[in-house]
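The form predicted on its own is given below as one chain in structure tokens.
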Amino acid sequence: MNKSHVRLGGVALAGVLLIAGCGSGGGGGAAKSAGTGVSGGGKLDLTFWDWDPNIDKVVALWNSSHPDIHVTLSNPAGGDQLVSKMITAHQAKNGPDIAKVEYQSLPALVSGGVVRDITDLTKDAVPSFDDATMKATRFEGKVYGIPQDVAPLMLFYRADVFKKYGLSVPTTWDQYAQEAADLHKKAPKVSMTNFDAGDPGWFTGLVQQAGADWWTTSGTSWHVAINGPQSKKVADYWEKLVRSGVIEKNPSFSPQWNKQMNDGTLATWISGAWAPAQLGGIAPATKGKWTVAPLPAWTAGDATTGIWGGSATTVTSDSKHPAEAAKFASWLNTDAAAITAQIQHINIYPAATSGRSLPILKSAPPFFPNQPAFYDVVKQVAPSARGFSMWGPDVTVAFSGYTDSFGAALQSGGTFGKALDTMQDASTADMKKLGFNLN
């Protein structure tokens, strides 16, 4: 995924961007023009930007039950690229009414005035979420989005490959490394997994599990600890696996990786709970061959995991109909039928507390017919998922630094610890340039 820089609009927010968060998903489609209006028949029309595969089926459910407010779906981009397009559209004053936003992207969009304070428009929806979940979309006590999903980091493994080579499902990272080495000896062409230098969301989930906090504040001062001891521990662990040759080093979602996932030469995938929605496109020949388990722990018995994924539905400041847009955002993420449709078609794990007890979660995702208790495992893990206590004001700089520095380390043989140092230096330099106080 190409990471585009999103610059904050000044220094007024130093010390107050205190938003926790996560990332997810993918998709495709052609963009439609943004904007709002009323059709000739008097029907209100809202534009919704979202990249989830099959989200059109959920939008159709809204349109069939809300004849006076029609939502037109558009998919101009996903993830960071969508954030960039939102900022560009806002500058031209023609942004959408509603947009899906990854949690870590909210600080930049709030500071730039791209998304709207919807506190007064979502009072009925907010009680549907626990405080830990709402923390991802609150900014100085104001609500800037309705949480859609949470995505604890899980271990997905090929049960058939594990059985064939006599592997045990690892419960600790030490055991994971040993199983990786054993697999390499038994089948040199099969690897336990890959190290993904292309997607920083994967790596941040791993360091979150280890206890890292890349950004913290004290008063109006920031502290940046991207290269802190917890992150160094994670980086050193994966560097040893890469250097020993027991795991691959090609990026996830690349053609080579897709082929390896499909033909069984990769035995595990460390991913968010949303993975079933993607596996059908990545590895179509493997339906029913994957099983989900909790992520291996650094200390035996510790249930803590990290987060890779999670988004909110936001209302933009360009919307001429914010009340109706907020109504759709609330419905999408609190209505039982809407959440059920998202679980069915997108494989989200709901952010709404009540959504986690819906009947549909008693059945496995279609790609996991072999594991009827799939969502029970996710429900067991989710309460122990740990994100950063906040996301900093230059997430895109840090994320771009990850792809650059870790990619270079893989190519040149440089150390992963040095890659973290490079990220640290780039992020602190950027924050100083923007006028933030650092300690």
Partner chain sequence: MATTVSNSGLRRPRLPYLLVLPAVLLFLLFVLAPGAYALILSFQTRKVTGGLLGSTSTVVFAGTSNYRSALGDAALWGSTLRMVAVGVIVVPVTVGLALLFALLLDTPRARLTRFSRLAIFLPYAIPGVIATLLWGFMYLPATSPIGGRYIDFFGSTQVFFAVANIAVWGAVGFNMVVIYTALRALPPEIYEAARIDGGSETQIALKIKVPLVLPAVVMCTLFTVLGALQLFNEPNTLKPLSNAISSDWVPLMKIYTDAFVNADIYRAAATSIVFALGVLVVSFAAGRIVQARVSPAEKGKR
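Residue numbers count along the first chain shown, from 1. From a predicted model like this one, the values you see are computed outputs, not experimental measurements.
From this point on, the text means the form predicted in complex with its partner chain, which you will not see here.
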Quiz item: Hey, in the predicted bound form, is residue 412 touching its partner chain, heavy atoms inside 4.5 Å?
Solution: yes
Quiz item: Using 4.5 Å between non-hydrogen atoms, is residue 222 touching its partner chain in the predicted bound form?
Solution: yes
Quiz prompt | Contact flag, residue 390 vs its partner chain in the predicted bound form, heavy atom cut 4.5 Å | solution = yes
Quiz item: Quick one: does residue 72 come within 4.5 Å of its partner chain in the predicted bound form, counting heavy atoms only?
Solution: no
Quiz item: its partner chain isn't shown here, but in the predicted bound form, which of 103-111, 296-304, 276-284, 226-234 has heavy atoms within 4.5 Å of it?
Solution: 103-111
Practice problem: Taking 4.5 Å between heavy atoms as the contact cutoff, choose which of 327, 345, 249, 135 touches its partner chain in the predicted bound form. | Solution: 249
Self-check item: Candidate from 217, 193, 291, 340 lying within 4.5 Å of its partner chain in the predicted bound form - any heavy atom
Solution: 217
Quiz item: Taking its partner chain in the predicted bound form, which residues along 269-296 bring a heavy atom to within 4.5 Å of it?
Solution: none
